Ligand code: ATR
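Only one chain is shown below, in structure tokens, and it's the form predicted alone.
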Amino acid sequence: MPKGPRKVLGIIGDPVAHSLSPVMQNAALAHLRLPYIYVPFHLKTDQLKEFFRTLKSRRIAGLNVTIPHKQGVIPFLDSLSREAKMIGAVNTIILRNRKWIGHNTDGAGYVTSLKKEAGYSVRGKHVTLIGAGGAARAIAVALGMEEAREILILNRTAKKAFDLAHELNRKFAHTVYGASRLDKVEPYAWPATDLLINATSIGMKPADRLPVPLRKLKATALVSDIVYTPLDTPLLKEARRLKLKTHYGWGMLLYQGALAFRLWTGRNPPIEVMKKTLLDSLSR
């Protein structure tokens, strides 16, 4: 723990050393001269109980949560925000009146990145979402809250996609959720797609390829990838080669962090400082 009067913010995960949140958040805190420091905590699953038992004595004011603890932290919290309840996972924790409150800014961060970085609104749009894991779930909920017209969830394991679609259809009146196995998509789905999102880790390795027929998308479709290392994923490279509009994965990381910053500090985050710091780190 750092010495002095500073409050502590941090991120817990396993692993956590690779996270870019500390450099991004510390740059924002320094820019506004706020009395906080942001540090990583490498915690195994069996260490969570003891960590939260002593949390209030550690001068910790808030936390980010990354893989694999986004669901595992929930039993140790006092309450959850509406988004966190709907998503069933937590990526941000704040201390309010000595109570630990779990939030999830992943989905809202993704939607904000679409608006700010691509000038794109999902309201009334047909979305094809690849993936049914934690990130896909957060995005699917956020898209429903933004009243996307239809969301088709594709996954290599069909049951996960169908289960998620069934659950979310009960929660949203203005959005229709469908599902399919990734390699069994009906042909009409591709040309109907306004927004294609890769919410899996496929693309982090150069050899990774998604079995997606980008040529079948309409000329106005937007192709989005939440993978941000590398910045230029194979999916985005192919989309640009076909002259389709693209949306980079670093935006979700930036804006979910900015939303967490506001929750912790009550201050408007210095977005441009955070963005520059993040992109500088990613380009090294």
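Fair warning: this is a prediction, and the values are worked out from it, not measured in the lab. All residue numbers are counted from 1 along the displayed sequence.
Below: the form predicted in complex with the ligand, not depicted.
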Tell me the stretch among 78-86, 126-134, 93-101, 162-170 that has any heavy atom within 4.5 angstroms of the ligand in the predicted bound form.
-> 126-134
Which one of Ala179, Met145, Leu182, Val111 is close to the ligand in the predicted bound form, taking close to mean a heavy atom within 4.5 Å?
-> Leu182
Closest heavy atom of Ser201 to the ligand in the predicted bound form, within 4.5 Å or not?
-> yes
Classify Asn155 as contacting or not contacting the ligand in the predicted bound form by the rule of any non-hydrogen atom within 4.5 angstroms, answering yes or no.
-> yes
Contact check, 257-284 vs the ligand in the predicted bound form, heavy atom within 4.5 Å, ordered by sequence, gives none
